[in-house]
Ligand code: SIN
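Coming up is one lone chain in structure tokens, specifically the form predicted on its own.
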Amino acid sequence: MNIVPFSPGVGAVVNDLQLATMTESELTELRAAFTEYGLLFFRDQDLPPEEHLRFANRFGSIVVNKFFKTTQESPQIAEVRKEKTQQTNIGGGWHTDHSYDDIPALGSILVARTLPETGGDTQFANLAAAYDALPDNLKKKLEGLRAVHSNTHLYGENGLYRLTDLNDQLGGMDRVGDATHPVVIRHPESDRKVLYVNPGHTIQFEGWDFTESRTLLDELYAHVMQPQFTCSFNWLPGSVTFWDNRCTWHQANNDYQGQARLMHRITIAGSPLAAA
């Protein structure tokens, strides 16, 4: 196995490893890389749905998304689908998967199934590195803060996705809700401090009004979106990405109108988040 950084501040590429035939010693090495980088990219993988599931189960139990349709192969694999005729894509803005759950997801494993000829890259951001680079006065301001995360504005009956051409692909309007988490968490494996807010799901700081919250959140978001904390991954047949939802953001580019894109996603259950 050969692990090399993908960009100066975000992610790593794992070479010379087939996930479907990984040994226990390789799994141990991969766990260490996942803890160190929080974002791993794989190329030229032969990972049919049954092997996708087996790989995920080697990292933890699987949590099923409340809103996505699942594949014919397994109810534990979610479809991230965009048809040729659709204009809107799922995950088209910066977000962290499942931050709206009381116990957020550990990570997500995304496998390319159908790709557009051009476009469709996924961007990622490193929230541990972004926190480290915050000025000390802002770090002090964030100490002890908690933030409200929600999915209602996206998946609820009058949510954003319900007003688009993705409506037929979604379900679970009766399962929307909120959760509250520390703004700065201590990552349970790496022990790094992580900025745990995201544009897709974080609504406001607990005990703050919306406008006051928005001002500080927008400042934090602009900081994270700087080039030194982000990267863009170009999907090819056989590509797989495994990211840590506790220390990364991601967003899917919607720049392939008139072309189809289908990805299979498995989400791994996490544990309660602790404040740093």
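As the structure is a prediction and not an experimental result, all values here were calculated from the model. Just count from 1 along the sequence shown to find any residue number.
Same protein, other form: the form predicted in complex with the named molecule, not shown, and the subject of what follows.
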- Item | One residue of Thr122, Ser99, Gln76, Gln86 in contact with the named molecule, assessed in the model of the complex (non-hydrogen atom, 4.5 angstroms) | Thr122
- Which of Ala129, Leu154, Val80, Ala112 has a heavy atom within 4.5 Å of the named molecule in the model of the complex? Val80
- Task: Sort through 206 to 214, 55 to 63, 242 to 250, 224 to 232 and report the only stretch with a non-hydrogen atom within 4.5 Å of the named molecule in the model of the complex.
- Result: 242 to 250
- Partner proximity in the model of the complex: His187 to the named molecule, non-hydrogen atom cutoff 4.5 Å: no
- Query: Taking heavy atoms and a 4.5 Å cut-off, does Met263 contact the named molecule in the model of the complex?
  - Reply: yes
- Hey, in the model of the complex, is His95 touching the named molecule, heavy atoms inside 4.5 Å? yes
- Query: At the 4.5 Å heavy atom threshold, is Gly91 in contact with the named molecule in the model of the complex?
  - Reply: yes
